[in-house]
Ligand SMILES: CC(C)(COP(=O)(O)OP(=O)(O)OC[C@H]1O[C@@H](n2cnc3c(N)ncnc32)[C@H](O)[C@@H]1OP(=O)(O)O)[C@@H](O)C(=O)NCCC(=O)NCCS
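For reference, the chain that follows is the form predicted alone, supplied as structure tokens.
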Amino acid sequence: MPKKNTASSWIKIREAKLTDVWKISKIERDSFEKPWGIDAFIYEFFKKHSRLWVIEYNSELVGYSVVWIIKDEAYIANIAVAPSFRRKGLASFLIRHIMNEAQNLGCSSIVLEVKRSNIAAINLYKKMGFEIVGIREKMYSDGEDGLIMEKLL
């Protein structure tokens, strides 16, 4: 009898390639009211402190992350999963990958900022061990506060 596939056998995380930028940009536009432009993603490929990873599900690129490694801190600058692939555990899988990579790169913590109203993301980050450590008042262009969240590694 053939071995049953597990969910993780369908998931692959790899370093992003410049050719991925169109798909990354599409996911970005579908995910955020004020998306990064395609040029911002292209620029990230040339920053020495920037790491871009994509997540594939059944060989389809369905999510990405942009992480800045600055001294001993990893900063999640941008992360998203395509709307039709959410609630499948893919974001958790990607965050665990970021944690492992950050630790391998000598980081002692991971930091991110999230809109106060983004309850789904806040709950996910809390489930992954992040804690709210501060508030950036009126951080977003609509005047909404940003919550600073951190996970110690």
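One rule holds for the numbers: they count along the sequence shown, beginning at 1. Quick caveat: nothing in here was measured; it's all calculated off a predicted structure.
Missing here is the form predicted together with this ligand; even so, the following discussion is about that form.
Item to check | in the predicted complex, K127 touching this ligand (heavy atom, 4.5 Å) | outcome: The answer is yes: K127 has a heavy atom within 4.5 Å of this ligand.
Next on the checklist: Although the partner isn't part of this model, could you tell me whether S31 comes within 4.5 Å of this ligand in the predicted complex, counting any heavy atom of the residue?
Outcome noted: Residue-level check for S31: yes, a contact with this ligand.
Next on the checklist: Residue-level question: is R116 within 4.5 Å of this ligand in the predicted complex, judged on heavy atoms?
Outcome noted: The answer is no: R116 has no heavy atom within 4.5 Å of this ligand.
Checklist entry - Do R86 and this ligand come within 4.5 Å of each other in the predicted complex, heavy atoms counted? => result Yes, R86 lies within 4.5 Å of this ligand in the predicted complex.
Next on the checklist: Within 4.5 Å, heavy atoms only, which of L61, I69, I38, A121 is in contact with this ligand in the predicted complex?
Outcome noted: Contact check passes for A121.
Next on the checklist: With this ligand taken in the predicted complex, which residues across 65-81 come within 4.5 angstroms through any non-hydrogen atom?
Outcome noted: Heavy-atom contacts within 4.5 Å come from I79, A80, V81.
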